[in-house]
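Quick setup: one chain, the form predicted on its own, written in structure tokens, and binding and motion questions come after.
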Amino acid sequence: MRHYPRTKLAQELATALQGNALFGDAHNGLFLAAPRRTGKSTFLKDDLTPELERQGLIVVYVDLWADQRRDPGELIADAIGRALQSHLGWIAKTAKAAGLESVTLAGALKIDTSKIGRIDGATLGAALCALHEAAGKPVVLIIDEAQHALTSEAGETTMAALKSARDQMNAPGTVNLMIVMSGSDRDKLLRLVNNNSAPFYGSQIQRMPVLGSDFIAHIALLIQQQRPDLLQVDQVTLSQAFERFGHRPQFFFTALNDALSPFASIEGRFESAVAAAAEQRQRDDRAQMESEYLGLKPLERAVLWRMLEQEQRFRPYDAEALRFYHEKTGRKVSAQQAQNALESLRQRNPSLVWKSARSEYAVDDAAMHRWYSECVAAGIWPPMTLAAFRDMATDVAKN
């Protein structure tokens, strides 16, 4: 499948970032939230970055999930360092040819040529200023999965340093540093902006628009061009299926490929087969989360239940939480036992719990929140183990 460009959205965000949108605040930081696998990273790399570069800006992109073994602060520093190195390469070569160990940029910033591309010799703010001066253009720093920065002290320090750099490089009517931060979990991303101690306090989290009817129309046109025998494609059915897939293109394309394959053994229209695949994916997703939940120990289930219910209000060891654990497990639970359960949830593969450097906890996958809300709304929460279901059936039979 060829890339589906979202040019209009990229242009609108580029305008807002440069402070040219009416009443907009994106030039102080643009925070975008979108569920996993809905095309967020693809948009940032293949749509927004080229548009910003087309408008004459320097773009530095870093994905904090690209290497989860490394500290997020280090990943950000390295990305800035590499961009700086690419723009100072000719300066460094000239300095070395002249036998110099360092070069002074713009008459002020002295850069050690042996450390070009490394941040340990300069602050992030100094490096970003150097990049701006060397390129002669404004800089845009795009941090994908930015909430991961909050999982380490170095990452938190980096966030504060970036806020400081923004304040130093920008002035009323002048925007030299633009920051874009994206996240797959809005609740985690909110921790960067939602209290006085947050580095970007006061900024707003924007929900990134999901691919919609224009995307479905594009897909329908491609199908009709390659398979005229399928005219007219039922866009309504495809749109409903795409929504059931959680607006995730990867799963949608797989279903389309299966339905349109010459080896497919389907009866009727291909759209119906795609819709059936979407419904099956929903069932599989729910069954997977239910299986993970029921596979936990009683206290772990109680802790996870509390997290799903309380969301950002979750406090793992307060009196109300301990009473909740007691009520759900039938035994008294200490703060230490609750902490052990949390750590066990974090150590699972994949991890069920996210922890910040400040010991704030959240459910790792935002999809579990949607599953929980759907179950509560349908009156089928909590899921029951087979043993519990049998006990209930026995009680019903006796009565």
Ligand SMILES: Nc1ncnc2c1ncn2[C@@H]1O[C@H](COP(=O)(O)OP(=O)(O)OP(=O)(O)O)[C@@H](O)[C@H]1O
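Quick caveat, the model's predicted, so the values are computed rather than measured. So that there is no doubt, residue numbering starts at 1 and follows the sequence shown.
Keep in mind the form predicted in complex with this ligand is missing from the figure; the text below concerns it.
The shortest heavy atom separation between A161 and this ligand in the predicted bound form exceeds 4.5 Å.
In the predicted bound form, this ligand stays beyond 4.5 Å of every heavy atom belonging to P138. This ligand in the predicted bound form comes within 4.5 Å of a heavy atom belonging to S41.
In the predicted bound form, no heavy atom of H369 sits within 4.5 Å of this ligand. Heavy atoms within 4.5 Å of this ligand in the predicted bound form map, among the stretches 358-366, 345-353, 330-338, 30-38, onto 30-38 alone. Checked against this ligand in the predicted bound form, the residues S261, S272, Q250, T123 give one hit for a heavy atom within 4.5 Å, which is Q250. None of A79, L211, L296, V193 but one reaches within 4.5 angstroms of this ligand in the predicted bound form through a heavy atom, and that residue is L211. The partner is not shown here, but in the predicted bound form the stretch 143-162 reaches within 4.5 angstroms of this ligand through a heavy atom at E145 alone.
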